[in-house]
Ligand SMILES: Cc1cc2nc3c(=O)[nH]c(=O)nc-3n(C[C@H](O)[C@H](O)[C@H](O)COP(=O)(O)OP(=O)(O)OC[C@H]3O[C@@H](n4cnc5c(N)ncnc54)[C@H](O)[C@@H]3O)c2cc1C
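A single chain comes next, written as structure tokens; it is the form predicted on its own.
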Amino acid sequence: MDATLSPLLKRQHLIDPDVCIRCNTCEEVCKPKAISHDARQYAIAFDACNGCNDCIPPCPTGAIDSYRRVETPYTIAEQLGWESLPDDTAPPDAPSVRDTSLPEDVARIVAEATRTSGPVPPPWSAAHPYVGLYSAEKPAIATVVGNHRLTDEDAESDIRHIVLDFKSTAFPVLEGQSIGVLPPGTDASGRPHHVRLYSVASPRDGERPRHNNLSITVKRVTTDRDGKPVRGVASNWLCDLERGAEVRVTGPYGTSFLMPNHPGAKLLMVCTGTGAAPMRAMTERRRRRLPLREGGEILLFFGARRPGELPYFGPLQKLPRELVDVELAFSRVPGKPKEYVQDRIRARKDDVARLLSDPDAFVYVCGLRKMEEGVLEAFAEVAEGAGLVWPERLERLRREGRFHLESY
């Protein structure tokens, strides 16, 4: 139950009868005893539900992760009579159920990362994401089972691939989602450190399928954006963790930056640095499903100072060309002119323009903030050169959930 949305609207937790398989798991774990059932249906009592979310992780179908904003909560009798969830009739400018479920720290970080693109719906065929299963008050506990450096030893950036094992704790994620990490200790004011977000780098079935784990890509922060020395609390702690260490995890988060699931969907991806994490997750999802021949074209633009500082450079070189078309841009290779991802976008203008015009193509941009302006300018230039009106095209792509941009 959440009565904080507006003076009139209440957030009501419901069960989707179209998806529910009547396994009784939710009712068994519901401590407030808010869930009940009859011979054909399950229902949640609005006044009894305390919003603890203990029922959500064990649900095998996601039917329990359903909400509506209502003036008058649905009664048990009404819910037991449903064949399907009723439409959400709340005003379109009412606060998003998903947004209001985000902790304040996470909402602030997400808003900052997506400040340019603003709220964008997910691709129409994206799978249903679980969000906010674990909070700072009730985090999931994961164990580090892998931590290895992705960049060369002499590289300026220490970027690491860290694998977290959740053992028997349910932690379902989709490609493009993030998790929160709670570093131990307190800040200078004596308050617990706030949550840090990291994009998941593995596909939905985990870094090692059927082992309930996932990976994140972490850069050790040693300077601020102006190059001044600073020590990142969470990143340095994570990068120094050894196998067997425990990590408190919140989330998962993210309902927009998700990959399409329908056969033939094309992906146009641009990234730098640890922005590679969601791109790796999506590409790996497609690689594992290559035998199904359901994937569409993937065109990836990936930038770094030099090959030794590009995360996943080695594995990227081994991916088959029929899976992903890779354009690398390096800005600090001795004896070669500086090149950035926007330069490679312009060099592939015909393919980029074709994808920007394709209703089955989805664009993802993730990485350092300083690349954002150049990438958008390159897209505009390529689009205008192909006869597209870029502001109109960009607005359409966003409206249709086909243009996703996150920068940091």
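The structure displayed is predicted, hence computed values, not measured ones. Each residue number is its position in the shown sequence, starting from 1.
The same protein also exists as the form predicted in complex with the named molecule; that form is not shown, yet it is the one meant from here on.
Within this chain, residue 232 lines the site of the named molecule in the predicted bound form, having a heavy atom no more than 4.5 Å away. Proximity of residue 293 to the named molecule in the predicted bound form: non-hydrogen atoms within 4.5 Å are absent; the residue sits far from the partner.
Although the partner is absent here, residue 368 lies within 4.5 Å of the named molecule in the predicted bound form, judged by heavy atoms. Among residues of the shown chain, residue 198 is one whose heavy atoms approach the named molecule to within 4.5 Å in the predicted bound form. Interface residue among 255, 217, 151, 79 relative to the named molecule in the predicted bound form, by the heavy atom within 4.5 Å criterion: 217. The listed set 261, 143, 223, 75 contains one residue whose heavy atoms approach the named molecule in the predicted bound form to within 4.5 Å, identified as 223. Taken together, the three residues 274, 277 and 408 all lie with some non-hydrogen atom within 4.5 angstroms of the named molecule in the predicted bound form. In short, of 284-292, 162-170, 262-270, 189-197 it is 189-197 that has heavy atoms within 4.5 Å of the named molecule in the predicted bound form.
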